[in-house]
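The chain below stands alone, shown as structure tokens; this is the form predicted on its own.
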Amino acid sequence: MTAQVFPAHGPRDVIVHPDPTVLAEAVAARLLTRLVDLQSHRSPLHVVLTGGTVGIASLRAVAASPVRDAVDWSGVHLWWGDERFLPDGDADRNETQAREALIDPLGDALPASNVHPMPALSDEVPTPEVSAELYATALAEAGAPAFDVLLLGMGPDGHVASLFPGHEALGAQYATTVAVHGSPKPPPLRVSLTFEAIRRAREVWVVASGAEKADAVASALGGASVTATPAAGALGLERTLWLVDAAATAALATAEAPPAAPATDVWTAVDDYFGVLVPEDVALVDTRASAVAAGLPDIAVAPNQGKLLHLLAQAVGARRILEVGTLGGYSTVWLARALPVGGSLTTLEISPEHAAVASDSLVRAGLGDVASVVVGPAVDTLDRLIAEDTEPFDLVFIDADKESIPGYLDQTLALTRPGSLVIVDNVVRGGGVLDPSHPDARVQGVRTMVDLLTSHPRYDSTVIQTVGAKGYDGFALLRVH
């Protein structure tokens, strides 16, 4: 086989999950999050699906997730990395399994024209060569898209797509697709993307589960040749992710492989698991989706954190709530719903654009008469509320610029009463608060807050570290006395 020259590629990360079930749920959560993030600044998106047990389980998890409705599926195109050359509707085709797991449940949300299966065996498509040629044409007509996410399963022999060790299809050049004859894994006839196509994806995610894959995982990550372990050649232009379960990493301890990255996807999967306790209704999903559609940064609290705010507000019997930092209004909805009849919430937002998005979402959630959005710098609005001798607030949630936290806390004292609860979000900064010379002003704002609270005469406080769908951070919990 002639050596191929590929473009430079991004970093490779290994993320380990405890078992196949968590792995599939984490892949689904990561995919949905990635699509929502990307749609805030780019459309359409192109995703390559894979088959296999975990691959199809991941698609089922996508279909079952309430977050799926935050994705604009009309702007997502689905492709396949490989296919068994069998008649349309055959139960062994990756397309058939993907339709049952994800495409059919999505219904009209995903236009049929956005689904691009590899042509099946038929009178018009008698050979895998014809199917491969037609698929290459479809890719070309779509503008030869740089796939945003390309999912690949991996076999125990280290194959990805239908590119098997030592097989002539590995050397296919100057083509995006290839016909495969004599596959060592039945059926013998297949169609596959080539490495030419795979390695021009923005992100490549290799998904592997089970002890039978451990040697191949170690080989691929240990620098084996693509001829011996094809998965070693599965690289994305911007990033390559190996998403594996613990059993598939058994041989890594003795292999020269890169260390596993922190299993942040486990945190996300755990959040998803406990999501049954905090189901999002249409209004909450709509609020998140509206924020994404408006291009707002994805920094709102996670559903379980929103429910925590809700429960804390109820626990203190809050009738008046003040929020500093509205963004798209997601936390606002959780807090406002905790109010009793006659209660009210005031939320402060510096950006008129963000405030407009939040106001619309609050109205659609039926909270327009309960929650009011005040536009302008929070420091000015707080001073005005103080000057107006505003009735004290029972709970204050501060989720705004961290540089101003010490000042906000001083102003909050004039707007609360003994027994009021104050919550300050995102104060751990991924551990950055440990560095006294950290260059980030947000970190320094938190450190100043800690100095202020250490011996404050009226605040009793603690900080709770958190991990979850929003990564590693934490919040400060203060009681006014």
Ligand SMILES: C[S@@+](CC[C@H](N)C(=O)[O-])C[C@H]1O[C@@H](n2cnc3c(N)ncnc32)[C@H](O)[C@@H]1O
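Since the structure is predicted, the reported quantities are computational estimates derived from the model, not experimental observations. The numbering used is simple: start at 1 and walk along the sequence shown.
Unshown form predicted together with the named molecule; subsequent notes refer to it.
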* Asked: Counting only non-hydrogen atoms, which stretch in 230-238, 176-184, 195-203, 294-302 is within 4.5 Å of the named molecule in the predicted complex?
  -> 294-302
* Since exactly one of W80, Y135, W242, Y330 fits, which has a heavy atom within 4.5 Å of the named molecule in the predicted complex? -> Y330
* To do: Identify, from the list P188, G366, P156, P377, the residue with a heavy atom within 4.5 Å of the named molecule in the predicted complex.
  => P377
* Is D399 close enough to the named molecule in the predicted complex to count, meaning some heavy atom within 4.5 Å? -> yes
* Asked: Could you tell me if M118 has a non-hydrogen atom within 4.5 Å of the named molecule in the predicted complex?
  -> no
* Asked: Can you check whether F164 is within 4.5 Å of the named molecule in the predicted complex, heavy atom basis?
  -> no
* Asked: Can any non-hydrogen atom of L348 be found within 4.5 angstroms of the named molecule in the predicted complex?
  -> yes
* Do P303 and L38 have their C-alpha atoms closer or farther apart in the predicted complex than here, with the shift being 3 angstroms or more? -> farther
* Indicate closer or farther: the Cα atoms of L296 and A201, in the predicted complex, relative to the displayed form, with a change of 3 Å or more. => closer
